[in-house]
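Presented as structure tokens, the chain that follows is alone, the form predicted alone.
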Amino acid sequence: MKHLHISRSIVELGLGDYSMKGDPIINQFRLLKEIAGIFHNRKLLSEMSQETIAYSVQSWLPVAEGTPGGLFFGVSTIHPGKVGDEYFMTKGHFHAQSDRAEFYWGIQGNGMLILMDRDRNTWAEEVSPGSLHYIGGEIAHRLANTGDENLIVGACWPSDAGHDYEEIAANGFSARLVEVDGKPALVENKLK
């Protein structure tokens, strides 16, 4: 930065859908075939198009990953859909620096933020436009879309938090979010 210089931000945020534009933006897409292990009904999943986009994530990492004291910003878009009675959802993770917290906020659509502590107690919070969610350290988290439009959720987390996807991939969450009588419900996970 130059002394007394005035410039524009290198990132622009669309206030309608929270899409981000700018050279440093990272765009990721998760296809059903990439997250197949998180769903209970593998037979039904195998009959679906494996190229279906389940969710996408845009991230802005303005400092190097692992930098203490920095912040990252992201937007997740979970598409509507189900595998049997189980809603499309994100992989879910703990933070690699497990004491790091995070904020989520609802932008569009309806869904659930599924949370699990280290004792494998699982609960969920409803996500809707304007809802604000604090995810404390030592809490695994994942998003599920329970509506019929895209669920868009903003996020802000410490740049040194990292992601631990392996623990969830190996052990799963202790409960699954499924549709029961037309409504979302948490049920014990019998798979893991």
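Note that residue numbering begins at 1 and tracks the sequence as displayed. Quick caveat, the model's predicted, so the values are computed rather than measured.
Below, we refer to the form predicted in complex with a small molecule, which is not included among the displayed structures.
The stretch from 42 to 50, 119 to 127, 55 to 63, 144 to 152 that comes within 4.5 Å of the small molecule in the predicted complex, counting heavy atoms only, is 55 to 63. The small molecule in the predicted complex is not approached by Asp85, whose heavy atoms all lie more than 4.5 angstroms from it. Among residues of the shown chain, Gly106 is not one whose heavy atoms approach the small molecule to within 4.5 Å in the predicted complex. With a 4.5 Å cutoff on heavy atoms, His163 counts as touching the small molecule in the predicted complex. The shortest heavy atom separation between His79 and the small molecule in the predicted complex exceeds 4.5 Å.
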